[in-house]
Structures are given as C-alpha cells and as structure tokens.
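As structure tokens, one chain now follows by itself in the form predicted alone.
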C-alpha cells in the first residue's frame, strides 16, 4: 500500500552527523510519489553539500527566513501552510529543544510555529544526549503537543560508542510515515488473521506440512492494521516479518491454531488464511521411526478452525475463509462456504505460478449470493481489495 502518494511533505534537515541519510530519505519518498519541499538549517552544509539536496530534489532548498518569493509571499508562511506534514529528519538534540520551547530564530522554527499541520520528528544524537533528562523532558513536552516521535535505534554511533540514538532506518521511517497517513476507518475493531502452514510432528525429525509461505495472510493482517483495526496474526512457521502494529502469535500445529483462534474471541473480524493440515499424527513418536515401522503411523483429522469459529457462540461479526484447490475450484469452494458457515470465502487455484509459491493470487470472491472474479494481482493488492470490502461491510452495519 502507498498512502503517501501525492502527499506534500516539508522535510526539515538539521545539522548532525546523520544529515547525509536524509538524501536517501528524499529518494525513497520520491519513489512513493511524495511532493517534497526541503528546509536546511544553517549547520547542514557542514556535513552535506547543499547542491546534493538540490540536484536530488530538482529544485531549490529553503534556508533564509527573510527571503521573498516571486509573489511577495513570506516564505515561512507559505511553507507552513502548503503541506500535509512537516518531518524533521534527522532531528538533533538542539533542534528538539528549540521545538519544545517555542524558539523562532530561523526559517525552520518559524515554519513550525506558523503551522498547524502534522509534525513528525526522527531524532538522532549521542546516546548520553538521548538519555539526558532534559532531552526526555523535551520529548515528553512534544508528545503532549501531538508530535509523532520516530524513536532512534540502538547501534554503533558515529562517536564510536554503542547505544541508543542512531537515526531510525530510512526504510522504517518511510513505513512509519505510510502508516501515519493510512486511513483509520477500522478503528475500534478487532481482527484475527491466521497465516502460514501448520506443522504436524510425526517424530523428533519428521513432520507433515505444505508449501504455504504465509505471505497472503501477512499482507491481509498488515492491511487491516494500516486501516486502524487492532490486528492479531496467528502464524505458522514463516520467514516474514509483520508490520510493527500487528500482534503476532507464533504456533506450529493445527491444535495450536485452533486454541489461539478460539482464545482470541470475541473479535469483529476473523480471517482464516492459514493452510492448516487436514491431518495430524494420532500419536507422535518419541523416537525416530525406522523405515520398517512406517506402517505403525496412524492419522487423525484436525479440528476445522474456520468451522469452529463460524459455529462458536461468540462468532465474529464477519468470518472469512480461504479455499485452495487444484481442481473443481468453484464447485468445491461453494460447498465449503455452506459447510463451514462463514460469511465470505476467497478461492484460489494452486498452480506453479499462483497461490502458495507465488507473490500473486488469482481470486474468486464468494459471498452468500454471488461469485466475483478478481484479476490476478499481487497479494498485497488482494489484501487491500479485501480490506476495502471489509470497510464497506462495517459501514453498512
């Protein structure tokens, strides 16, 4: 999702050792189609050549408080009003102090005082500065004024020490901005999503599983969270990292999927995306099974998570399932919709270039009245399209 597209962001770069990283930030924001204006404080040029900023931006930067533009508008008033947000990155301890105390001794601080727009800071400083009580007090003051703080990370600092104070990774800053601008239409709703494969243990070295990567479930969880839902993701083993605002519960077996799915009721939205094995081993062996004893393995059916949630006395307002098939996709999915008692079901045919081993999905969307064919698209777009349908559902409610 790109909630930053066409947004106008005024970037204030302050003079610190991390100033050069703002060039990468500009580049990443341009990739997101953000309209950027840039103010450089007077010490920035001690770290980075101003020409580097202007070459990248394709326009002039701003630094002089008393300059007049071609229309005789005072630049600080125009800059203050003609943006969706003001981002200070990096934000030094000195500039943080100026903001907290209402200083107005240069263009950047005048713009901040003259603006009622969203304000975001990404601090970067020495670890002793970051933990200093004065800095902490300034941060507390700014948070009370609804300034978003993108907290620095722990790592090796320019001064050679290791500790907190390192500028948040540029990719993470962009992700945080994307979330800040995301529509919070699902605020107040709780969503539970299952994702990934189950792993059914046979003995200490073997298990039953499948080729699910978990990508579709993670994209759906991230999308719901971006739209404001409190999102819990119950995940089998994957190599994917969920968004920071998604609560992840790691599980292995179908039994654990069921336990945590029921345990997280009541909720408003339940989406069963996980590829949970239909079968489990009746009795897991303590020791490795030898080849000649393979016939001793007995299988048992796993409890159906989607069906259990749909029939539960605390059934969510909206229950959605996924149906992965290799043949008779529409017929089998319609049957599942009825048998499992869910409200909607998304059918996807498992092929070499679709579903499990792909970053794309070809979906047939079933509700209780009709089937809708969706074009093949990235799983991220499938997640966004489904989220928008969920938004419409709750608007009608």
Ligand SMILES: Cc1cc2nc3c(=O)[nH]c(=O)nc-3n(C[C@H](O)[C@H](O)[C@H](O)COP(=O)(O)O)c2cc1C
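Positions refer to the first chain, counted from 1. Whichever C-alpha set is largest while still superposing within 1.5 Å between the two forms counts as the rigid core. Just so we're clear, the structure is a prediction, and the values are computed from it rather than from any experiment.
Below, we turn to the form predicted together with the named molecule, even though it does not appear here.
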{"query": "Per-stretch contact check against the named molecule in the predicted complex, the hit in 214-222, 248-256, 264-272, 93-101 (non-hydrogen atom, 4.5 angstroms)", "finding": "93-101"}
{"query": "4.5 Å heavy atom contact, residue 14 and the named molecule in the predicted complex", "finding": "yes"}
{"query": "Residue 43 within 4.5 Å of the named molecule in the predicted complex, heavy atoms", "finding": "yes"}
{"query": "Proximity of residue 89 to the named molecule in the predicted complex, heavy atoms at 4.5 Å", "finding": "no"}
{"query": "Contact flag, residue 309 vs the named molecule in the predicted complex, heavy atom cut 4.5 Å", "finding": "no"}
{"query": "Sole residue of 305, 124, 234, 226 within 4.5 Å of the named molecule in the predicted complex, by heavy atom", "finding": "124"}
{"query": "Among the candidates 199, 129, 149, 297, the residue which, in the predicted complex, approaches the named molecule to within 4.5 Å (heavy atoms)", "finding": "129"}
{"query": "Exceeds or equals 2 Å, Cα of residue 337 between the shown form and the other one, core fit", "finding": "no"}
{"query": "Core-superposed C-alpha of residue 383 shifting 2 Å or more between the shown form and the other one", "finding": "no"}
